[in-house]
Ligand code: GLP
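Okay, so here's just one chain, in structure tokens, the form predicted on its own.
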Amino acid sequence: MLFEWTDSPEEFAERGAAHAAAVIDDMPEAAIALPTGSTPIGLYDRWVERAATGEVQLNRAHFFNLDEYAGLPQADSHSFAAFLHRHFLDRAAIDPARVRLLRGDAPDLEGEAAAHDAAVAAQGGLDLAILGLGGNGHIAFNEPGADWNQGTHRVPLTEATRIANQAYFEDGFTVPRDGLTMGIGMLRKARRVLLLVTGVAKAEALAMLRAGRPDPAWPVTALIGHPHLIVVADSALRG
């Protein structure tokens, strides 16, 4: 586990983007799991800039989303699919044939989860999982007490997660009570994991990871022992 501490939003974004770009340089056809939320936006901005100048080649990589709200079609502006198109996929002109995003409005969510797993497996598994961190230690939508052996699955969202995500919407949208998420079992099998952590609300969860004791009450601790885990975090969280 390698920690890199950053002193500004610009450095945070630059470090994260550099680590992710290095994976693509090594493996141009890498299968990459993408997060949403405010934390990775700077990384996506840097990727778009680097792609425009030819510093990073994104046209052969394969992209998947980590999670999605149950019940929302991809075209809904509140969906995670729409977020990824808005902040990265469309701006970087990623070939749609190289993108596989969860369908929150699929009539059979269990079947959709299985199809997502199959699409990842067809690429030989994840080469890189880029993760954010929830205040309660969740990674993707894997909440405290989640089964650490699961693949993609449907999950009820905790009230804390729903309240935290509600802050992103000012139009009266109500965060759904359920989501689809890549499971911890799949994330731990990723060849490389990049964990991005910013914000004082994440301090306790990050401290639990740094303590080095796996604890199902803190899903992020499932990453302890991963052979290629890099954590890029605010220096303010160093303690």
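Position 1 is the first residue in the sequence shown; the rest follow in order. Everything quoted here is computed from the prediction, not taken from an experiment.
Form predicted together with the named molecule: not shown, discussed below.
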Looking at the named molecule in the predicted bound form, do all three of 64, 102 and 112 come within 4.5 Å of it through at least one heavy atom? no
Looking at 84, 126, 133, 146 here, can you tell me which has any non-hydrogen atom within 4.5 angstroms of the named molecule in the predicted bound form? 133
So in the predicted bound form, does any heavy atom of residue 37 sit within 4.5 Å of the named molecule? yes
Applying a 4.5 Å heavy atom distance criterion, does residue 161 contact the named molecule in the predicted bound form? yes
Is residue 192 a contact residue for the named molecule in the predicted bound form, using a 4.5 Å heavy atom cut-off? no
Is residue 88 close enough to the named molecule in the predicted bound form to count, meaning some heavy atom within 4.5 Å? no
With the partner removed from view, which of 53 to 61, 184 to 192, 24 to 32, 37 to 45 is the stretch that lies within 4.5 Å of the named molecule in the predicted bound form, judged by heavy atom distances? 37 to 45
Could you list the residues in 162 to 182 that come within 4.5 Å of the named molecule in the predicted bound form, counting only heavy atoms and keeping sequence order? 165, 168
